[in-house]
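Have a look below at one chain only, the form predicted alone, in structure tokens format.
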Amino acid sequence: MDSDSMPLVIVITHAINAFCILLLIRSGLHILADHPMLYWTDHTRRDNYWLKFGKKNMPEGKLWTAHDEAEVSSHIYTLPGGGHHEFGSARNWHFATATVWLLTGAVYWSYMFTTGAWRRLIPTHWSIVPAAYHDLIGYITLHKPPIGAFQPYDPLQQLTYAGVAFLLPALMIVTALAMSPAFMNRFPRYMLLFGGRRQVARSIHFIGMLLFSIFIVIHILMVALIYFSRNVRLITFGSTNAKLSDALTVFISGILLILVFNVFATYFTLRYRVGTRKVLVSIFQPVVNIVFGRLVPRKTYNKNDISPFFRVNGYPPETEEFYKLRDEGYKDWRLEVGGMVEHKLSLSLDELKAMPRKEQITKHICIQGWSAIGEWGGVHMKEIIARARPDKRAKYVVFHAYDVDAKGKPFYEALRISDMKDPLTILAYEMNWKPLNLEHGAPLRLRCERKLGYKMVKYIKSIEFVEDFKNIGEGRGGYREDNVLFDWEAAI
């Protein structure tokens, strides 16, 4: 393999990687805008961030939620843009693109290590460090290196490309895994890489995105200014013997394709939200289900870990039915359990409290990015299952809440029955050794620690065992899945 050629597999994976990275950055920026603060601690208060975007300040003495902190996203810089209600679409783009990016990386890494091509990038002697420094000084002082310095790269390029092709992707992968509640709670020792803090991984993930962005800008600039004719032939046809006109045609066409795709990705996502979601989810959902869907959480915390501030997400129900129950201290509230069961149940709060009690201190992971640790007391869902005895055909449990949106759509979420048998899945009526307060879901809320927070229904009204949820709501498995297009799995 000489300095005037590049294998076709590298040319192709290089192009796909460039395509994916831009989509990942744009969708990642939209995701960040939904909780535009970064922390070095998992106790995400209003004042302990190390970096904040936007100018919003939440009012003192007035109820506000995490949704109120979200910033409006630009159509130009983020994918898809359009504000908070497109947050689910941004995540769908991010995970679908990440799936393609990971597969591309697997092909690239496999080729590099099975053919020995890794020697083109990975340094094998420390002498490359002073040589790279010499090259850096040369570039800064505007001295172009001779063409013979590229074998196939000069020392500075080799060091940089090795970091971007091997180290930086690995960093993004390990930090992404740390942001999964299913993975993090199943393999708690893994979090020691980040001092036990998910928010550290989130911050490093952001820094990794910045490094990718800086590299892209500098890389494009250097390709254009340093031996462009040679570079454009290599990255399009893999050979310096290709015709310059042909190489320019392919290069410009590729750039236009990426730009046009990004424009249409934004347009189609905002215009055909449901159809776009269906396509994107079909790409990554099977992978997420296989890797994260069935991980059993093990991680719990102690009293000293409990967060002094625990954000509220979602306003309490505003219906006459719920007002009456609240004002009377929930004395007439009952949990109705039905659907495909042998025994329908109607349980008061006192009857639930009379069942075997389960306590757990766990970390709440919000889809927006913030986290907090709290203690929850309640009854394990296995107790409800044992009493109701669902039919063997029932595959899902649907939690219906008292929440109703402005259009009259009720709040609900569906989960697998296997999720209910998890040791850390409970119906909580206490938080931090006190009766569950209104803002956090009184009188009863779900805690399922292998999932993101939006699956943990608050203000529970009833539980229904079903064989399928396609006829409930829009058939996507939950209110947020139906209306803001979140993914159903909710494991990462």
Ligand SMILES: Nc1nc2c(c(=O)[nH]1)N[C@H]1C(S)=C(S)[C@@H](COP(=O)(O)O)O[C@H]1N2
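Nothing here was measured: the structure is a model prediction, and the numbers come from that model. A residue's number is simply how far along the shown sequence it sits, counting from 1.
Form predicted in complex with the named molecule: not shown, discussed below.
This chain is displayed alone, yet in the predicted complex one of Ile204, Ala401, Ala176, Val398 has a heavy atom within 4.5 Å of the named molecule; that residue is Ala401. The partner is absent here, but in the predicted complex a heavy atom of Phe411, alone among Trp101, Phe194, Phe284, Phe411, sits within 4.5 Å of the named molecule. With the named molecule left out of view, the stretch that reaches within 4.5 Å of it through heavy atoms in the predicted complex is, among 419-427, 52-60, 440-448, 39-47, 440-448.
In the predicted complex, Lys458 approaches the named molecule with a heavy atom inside 4.5 Å. The named molecule is not drawn, but in the predicted complex it has no heavy atom within 4.5 Å of Trp93. Using a 4.5 angstroms threshold between heavy atoms, Phe237 stays clear of the named molecule in the predicted complex. Not displayed here, the named molecule is kept clear of Gln360 by more than 4.5 Å at the level of heavy atoms in the predicted complex. Taking the named molecule as it sits in the predicted complex, the stretch 311-339 comes within 4.5 angstroms of it through a non-hydrogen atom at Arg311, Val312, Asn313, Gly314.
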